[in-house]
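Only one chain is shown below, in structure tokens, and it's the form predicted on its own.
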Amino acid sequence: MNGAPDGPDVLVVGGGPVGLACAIEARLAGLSVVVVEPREAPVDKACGEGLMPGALRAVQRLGVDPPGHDLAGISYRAGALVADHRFAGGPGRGVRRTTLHAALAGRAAELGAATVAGRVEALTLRADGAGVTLRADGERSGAHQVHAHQIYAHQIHAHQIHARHVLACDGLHSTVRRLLDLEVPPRARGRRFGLRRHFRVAPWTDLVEVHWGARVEAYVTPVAPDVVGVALLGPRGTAFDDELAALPGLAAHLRGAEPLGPVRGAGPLRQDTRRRALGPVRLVGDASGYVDALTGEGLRVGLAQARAVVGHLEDPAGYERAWSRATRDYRVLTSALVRAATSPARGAIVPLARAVPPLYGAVVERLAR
């Protein structure tokens, strides 16, 4: 495939893990790539940081094997009630988001993907691709920086890049999605948010613990021999320390542990899109639609989309079908669990998981693939 005149085959908007996975996939396919990202690497994000076994295999397939802490399964907990399931097909891995991002960024650069510091402010669809107008990031105003090989430098200095294909990987609040009017108005009810903080403490388990409180779920993920991450999912206005204190079993493990860094937030989590492909543009990862972080498989789904989109750059309908296949389990199972978690049935989730281990195990294994 030939690039656009004086421009790359693929412009990736957003240099998070899914954007970098797209860049790696495209370079492995022999395509020229530029990644647009305003933040300096490594980029952090409020998330659970647990790679399910399928996500770990997908990352390794890209030539990346980030260090972390082995994860043997999932544990649902509500007071004294506990439901554990250990993965049947090998472990997952808890990896700090900054560690994962640095590993993917290094791999993308090794393969020859260029990166540009800037933000997208306009996008024009053309017969031979798309023209993207960039705005310099506030602290790095002036000419855009290219960190790999110096390709398309004259266009970058002109604050515009012409590419045959644009992959929008710019997250929950995607600018590209908004510019193309592909957003669905947000739902007023059931909007949930995520908060995350790390603590300096030795992990007490090799499972991802999900503590079910009255209003929130707390995901506890070991990410290093002396660090755990705690991510809370709940309604707007969730107070991290207050909700943590309301989970006595978890609070006891963290008592006296040193907090590492600030509480980070993300949300609202639910995002819907009208379509995932329009002309030369494809929406990938969170930008393409997101249900909730409750099942912890957002990254696996995003990596599957990255692989699918590079295989369907010339086939928008094919990408829509591949996107549907890659996200079907996530959308169906997560939507059902979120409905239960935000209904009067919330209190029955952990008792049901404990009472019917085969059902609980089947759901975990389906999501862990």
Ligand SMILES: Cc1cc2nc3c(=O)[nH]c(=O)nc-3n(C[C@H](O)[C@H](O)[C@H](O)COP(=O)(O)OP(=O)(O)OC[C@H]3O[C@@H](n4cnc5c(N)ncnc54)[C@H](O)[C@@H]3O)c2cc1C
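Numbers for residues come from their place in the sequence shown, where the first is 1. Note that this is a predicted model, so its numbers are computed, not measured.
Keep in mind that the form predicted in complex with the ligand is missing from the display, and what follows is about it.
Next on the checklist: Please identify the residue among G92, G129, G298, G229 with any heavy atom within 4.5 Å of the ligand in the predicted bound form.
Outcome noted: Contact residue from the list: G298.
Checklist entry - Though the ligand is not shown, can you say which of K45, R57, R27, H312 has a heavy atom within 4.5 Å of it in the predicted bound form? => result Exactly one listed residue reaches within 4.5 Å, namely K45.
Next on the checklist: If we define contact as a non-hydrogen atom of the residue within 4.5 angstroms of the partner, is D286 a contact of the ligand in the predicted bound form?
Outcome noted: Taking the distances in the predicted bound form, the answer for D286 is yes, it comes within 4.5 Å of the ligand.
Checklist entry - Is A108 one of the residues lying within 4.5 Å of the ligand in the predicted bound form, judged by heavy atom distances? => result A108: no, not in contact with the ligand in the predicted bound form.
Checklist entry - Is the gap between G50 and the ligand in the predicted bound form 4.5 Å or less for some heavy atom pair? => result Because a heavy atom of G50 falls inside 4.5 Å of the ligand in the predicted bound form, the answer is yes.
Next on the checklist: Please tell me whether any heavy atom belonging to Y290 falls inside 4.5 Å of a heavy atom of the ligand, as the geometry stands in the predicted bound form.
Outcome noted: Within the cut-off, so yes.
Checklist entry - Does the ligand come within 4.5 Å of a heavy atom in each of V18, G118 and Y219 in the predicted bound form? => result All three within 4.5 Å in the predicted bound form.
Checklist entry - Any idea which of 77-85, 262-270, 240-248, 275-283 reaches within 4.5 Å of the ligand in the predicted bound form, heavy atoms considered? => result Going through the listed ranges, the match is 262-270.
Checklist entry - If you look in the predicted bound form, which residues in 192-211 sit within 4.5 Å of the ligand (heavy atoms)? => result Read in sequence order, the residues that approach the ligand (within 4.5 Å, in the predicted bound form) are G194, L195.
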